[in-house]
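Below, in C-alpha cells: the form predicted on its own, a single chain.
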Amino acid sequence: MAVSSLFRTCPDTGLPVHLPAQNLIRANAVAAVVALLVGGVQGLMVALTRWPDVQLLPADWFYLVLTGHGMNVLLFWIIFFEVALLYFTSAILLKSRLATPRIGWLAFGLMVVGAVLANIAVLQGDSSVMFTSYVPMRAAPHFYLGIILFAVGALIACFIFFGTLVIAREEKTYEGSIPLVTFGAMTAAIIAVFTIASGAIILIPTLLWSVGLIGNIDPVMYKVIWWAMGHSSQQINVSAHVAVWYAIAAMLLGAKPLSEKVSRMAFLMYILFLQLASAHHLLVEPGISSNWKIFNTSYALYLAVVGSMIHGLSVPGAIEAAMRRRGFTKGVFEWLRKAPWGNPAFSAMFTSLIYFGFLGGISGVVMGAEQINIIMHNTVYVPGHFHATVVAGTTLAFMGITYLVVPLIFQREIIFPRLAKWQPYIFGLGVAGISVFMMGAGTLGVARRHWDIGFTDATLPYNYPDFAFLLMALNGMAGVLAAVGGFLFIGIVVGSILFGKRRDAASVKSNPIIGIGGGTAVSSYGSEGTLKLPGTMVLVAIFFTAFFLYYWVNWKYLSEVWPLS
C-alpha cells in the first residue's frame, strides 16, 4: 500500500483519497470548464448567426467560430472532464493510489498545449475546416498537430487508468469485482484507445499532407477513418455519462443497478457495436457499397441500441427501487415525485437521462437507418441530434456530477445553492429547445453547413417554408437560454472553487452531500435484484410508444417525398 501521508479520508464518503490523483482530477476538471466557457461563447455566436433576423457573424467568421465551437465542446471540454472521471473512478472508487502521477501531469500538459495550439490555428483564420476537417480543405499544420498532441495526452491518461486498475488489483484495495461505475469508465477508456488510434491513422498523414510531404489524401478513405474517430469519440461520452448516471444515483440514494451482470453486458455491447454507428455519416457517400452501409446501419447497429435501452431501464429502475426502500411506495409515481429534484446533481442526471433517451436516442436510430437518413442527411437535423446526445445527454450529466466533485474533491461548498438548483433546468430546457427546433428545421430541409438559410444574394435562390425560419429563430432563443444556463454553471463552479466555504467534518454533518450508504454503493459490487418497478415500466412503455410513432412517421414522410409508381 502507498504511504499514508499521500492519502486523506473523505468525510462524506469515507473513502481514502489519493492526493496526487486529487490534484490531477482538479487540474483536468478546471481545464474542462475553461474549454466549456470558450466553446459556449462560440456556440452562442453560432446560434445568433443561424437566427435569420439577427445573423450576428459574416460568413468567414461564422465558419471560423463554428470550427472552434466543435473542437472546444466536442473534444476539449468533454475529454478533459472524462480524464478527470477516469482518475476518480479508478484511484478514488477503488481506494487505490494512482499509477504514475508524474506521467499524468505530462499527459495533462500535452492536452493543454494541444488544445491551445489548435485554438490558435483556428483564430489565425486559415483553419476554418469545421469539426470534420474534410479534405481537400486544408488547415494550418499546427491545427492537426494540436489535435494530435491532445489525443496523445488523452491516450496516456487512458493507460494511467488501466495501470491504476492493475495496482488496485495487486494491492487488494477493494474486494470482489470492480464497481459498475468503474466498469463503465473502463468501457469508455477502451473505446477511447480505438478512437485515438483511428485519429492517429488519419490525422498524422493529413498533417504531413498539410506541410507538403504527402501529395494527396483520398477523400473517401479520409471520411471512413476520420469518422471512426469523430463518431467513436462520442461513444466514449455515452459510456462515460451512463457511468455518471449510475454514480449519481448510487451516491445520492444508495441505488444499485437492477442487475450488475446485465448492466455490465450492456456496457460490453458498447465496446463491440457502438463504433458501427459511425457509418450513418457516410450513408450518401457514393464511394461506399450499399452492402457495407446496410450492415453497419441495421443488423449490428441495433445491438448497441439494445445496450442503451438496458441502461434506460436500469438507471430509473435503480432509483425507483432505492426510493421504495425508503418508504415511498404509494401509487406508481410517488418515488419520482419525492425524488430529490432540488438537488442539482440529481436533476441534471435525470433530465440528462430523459433528453438523451427521448431526443438523442430516438433521433439517432432514425438517422442510422439508411433509407430514412436520406431525408435529413447534411441538414441541421444532424447538429440537432448532436445537441440532444452530447449536450443534453453528456454535458448535462457532467454538470450534475460536478456538483458532487466540487465538495468531494475541491472540498468547497457550492455557492448560491438556490441558483444552483435552477441551473440544470435552465440549461436543459435551452438545449432541448435547440435539439427540437434544429431537428424540425432539418426535417424541412434547412442546410447544415450554410451560414445563411435565406441564401441572400444567391444567383439561384431557394425558399424554405416560412415555418423553417420560425424554427431557426426559436433555435436562436433556445441557444440564448442554454448559454445563460451554461454561464450560470461556470460561474457557480468557479465561484465555489475560489470562494466557497471550506468543507470540513462540521460542514459535512450540517450539510451532507452523499446519501446514507452512498459511499458504499458507488464503490462496491451489488444489485437490487428486483423488477417490481411499476413506475419505471410505465416510463419504458411511454418511451417505446414515442419511439414507434416517431420511427413510423419518418418512414411515412419518406414515402411522401419520394413517391413510387
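When you see a residue number, it is the position in the sequence shown, counting from 1. Keep in mind it's a predicted model, so treat the numbers as computed, not measured.
Omitted from view is the form predicted in complex with a small molecule, to which the following refers.
Stretch-level contact analysis of 84 to 92, 355 to 363, 71 to 79, 213 to 221 against the small molecule in the model of the complex, using heavy atoms and a 4.5 Å limit, identifies 71 to 79. Heavy atoms of no residue among 243, 258 and 350 are located within 4.5 Å of the small molecule in the model of the complex.
The small molecule in the model of the complex comes within 4.5 Å of a heavy atom belonging to residue 475.
The small molecule in the model of the complex is not approached by residue 144, whose heavy atoms all lie more than 4.5 angstroms from it. When contacts are judged by a 4.5 Å heavy atom cut-off, residue 448 counts as touching the small molecule in the model of the complex.
Proximity of residue 346 to the small molecule in the model of the complex falls outside the 4.5 Å heavy atom cutoff. With the partner omitted from this view, the residue of 386, 489, 270, 403 that lies near the small molecule in the model of the complex is 386 [heavy atom within 4.5 Å]. The listed set 375, 130, 149, 156 contains one residue whose heavy atoms approach the small molecule in the model of the complex to within 4.5 Å, identified as 130.
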